[in-house]
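Single chain ahead, by itself, as structure tokens, in the form predicted on its own.
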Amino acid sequence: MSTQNTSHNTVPAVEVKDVHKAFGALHVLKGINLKVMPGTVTAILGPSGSGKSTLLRLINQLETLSGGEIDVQGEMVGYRHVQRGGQDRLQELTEKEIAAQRAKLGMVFQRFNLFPHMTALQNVMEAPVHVAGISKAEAKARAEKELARVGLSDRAEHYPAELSGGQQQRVAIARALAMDPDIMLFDEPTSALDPELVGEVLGVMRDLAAAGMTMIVVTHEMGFAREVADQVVFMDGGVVVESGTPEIIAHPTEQRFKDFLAHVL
């Protein structure tokens, strides 16, 4: 058991190796390398169009790689190595295998994407019942637990239109957690919110980090990156310009990062 734990702790939760992504002639990612260890929080900063969201979508297999490799918990996503005629080839995984890999990851988007005709509770129950195939009773218990975790027990029977933006985003976080992921991906989770609602969402994310959830967060919230992240990565123009501990926000070395911080701070 202990050997399993040690090996688990030394294997990165997510490893991005020389990843490229092009959409036609547009080269969005140009050789990204990133390592995220289990139980840590990585904050990804950068201007719009720097490739941050594309990177998250590749990790969650919502886009396909143009080059390089992404491993989640030591397993290559999307492909497996096979030997053919003495040659090492890549074979695409089946939809079912990809779904199994994706189940390890929870993703929270800028837009909450809640079903408007379902209550908060029903929104959180939907995937456990229809994707994970668990019973409605178990899904309800799980949904109630996750809504309590994000401070929304009293809003379980409300529809999205009856909730503030911050409450809707917390429902979206509960929905992702209800699938019991090992790793949470957040794509600018507060950027669509009014300023006074940002804190309640960041509070939930702080609690998750304190509980040891592995998180990759694309964000413009510098305070959150400084206080909660173990690793800060600054991307611009499809490359990692600078990365390190949150100290780099106070002491950037790269001019592009200095310029970005001068603009956002």
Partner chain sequence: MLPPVVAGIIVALLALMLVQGLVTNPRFEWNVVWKYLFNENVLNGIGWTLILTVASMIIATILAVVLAVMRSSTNVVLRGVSWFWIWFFRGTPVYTQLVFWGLFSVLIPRLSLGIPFTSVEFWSVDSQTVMTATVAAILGLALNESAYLAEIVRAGLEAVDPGQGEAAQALGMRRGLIMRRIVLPQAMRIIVPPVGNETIGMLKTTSLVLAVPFTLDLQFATNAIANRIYKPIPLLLVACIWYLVITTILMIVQSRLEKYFGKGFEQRAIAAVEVDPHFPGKTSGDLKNEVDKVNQTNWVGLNA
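Computed from a prediction, not measured in an experiment: that's the story for all the values here. Numbering follows the first chain given and starts at 1.
The discussion below concerns the form predicted in complex with the partner chain, not included here.
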| property | result |
| --- | --- |
| Site test, 184, 213 and 228 vs the partner chain in the predicted bound form, non-hydrogen atom cutoff 4.5 Å | no |
| Partner-contacting position among 236, 63, 69, 200 - heavy atom within 4.5 Å of the partner chain in the predicted bound form | 63 |
| Heavy atom within 4.5 Å of the partner chain in the predicted bound form - residue from 99, 141, 90, 148 | 99 |
| Residue 40 within 4.5 Å of the partner chain in the predicted bound form, heavy atoms | no |
| Close approach of residue 176 to the partner chain in the predicted bound form, 4.5 Å, heavy atom | yes |
| Close approach of residue 54 to the partner chain in the predicted bound form, 4.5 Å, heavy atom | yes |
| Partner proximity in the predicted bound form: residue 80 to the partner chain, non-hydrogen atom cutoff 4.5 Å | no |
| Heavy atom contacts to the partner chain in the predicted bound form at 4.5 Å, residues of 80 to 119 in sequence order | 95, 96, 99, 102, 105, 107, 109, 110, 111, 113, 114, 115, 116, 117, 118 |
